[in-house]
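Quick heads-up: it's one chain on its own, the form predicted on its own, in structure tokens.
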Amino acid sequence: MSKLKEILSEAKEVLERVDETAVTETAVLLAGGQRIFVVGEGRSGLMAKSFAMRMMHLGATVYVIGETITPSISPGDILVAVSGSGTTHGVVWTAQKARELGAFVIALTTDDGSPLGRSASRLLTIPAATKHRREGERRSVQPLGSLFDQCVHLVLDSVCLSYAELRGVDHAAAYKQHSNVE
């Protein structure tokens, strides 16, 4: 089997185990929320930033934790936190602090019982391999958390599609939000 087909096969197996109802419900929550904040570290952080960018294209007010223009989080805001292991210190701390401040926390992780999973208001479980290769994790030919990050990207793109549908945002409207100074 080619490497590309192996990667596609792994992602397909993981995505078939993701709760699609939870994905749709996440889009509904985001569509009804005030502001959206995202957090993640490493490649998972890049997936979170990718999601923030697309949500901005879809008309959401969205911020990335740690950026210089990110305002304070408030009650009614939503934090989307991404960590494969659910133990990444900065992500867990941010989720816990956001909950203390009255924000709703959506966590994407492989481990519901992790510190991040326990801190979440809502979980989107991505049953993929992480860099830790813990007992019970899905096996992967890919290094580190590649499979988790790929699947997070696709799950969050699915959230975006549902969000766009709920908000009546089509391609033309999203394109108007796309950068025009590049």
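So that there is no doubt, residue numbering starts at 1 and follows the sequence shown. Just so it is clear, the model here is predicted, and its values are computed rather than measured.
The protein also exists as the form predicted in complex with a small molecule; that form is not presented, and the subsequent description refers to it.
Stretch in contact in the predicted bound form with the small molecule, which is absent here, among 120 to 128, 64 to 72, 26 to 34, 42 to 50 (heavy atoms within 4.5 Å): Of the options, only 42 to 50 has residues within 4.5 Å of the partner.
Distance check, M56 to the small molecule in the predicted bound form, heavy atom within 4.5 Å: So M56 does not count as contacting the small molecule.
Distance check, G145 to the small molecule in the predicted bound form, heavy atom within 4.5 Å: Heavy-atom contact with the small molecule at 4.5 Å: present for G145.
Close approach of T94 to the small molecule in the predicted bound form, 4.5 Å, heavy atom: Judged by the heavy-atom cut-off of 4.5 Å, T94 is well away from the small molecule in the predicted bound form.
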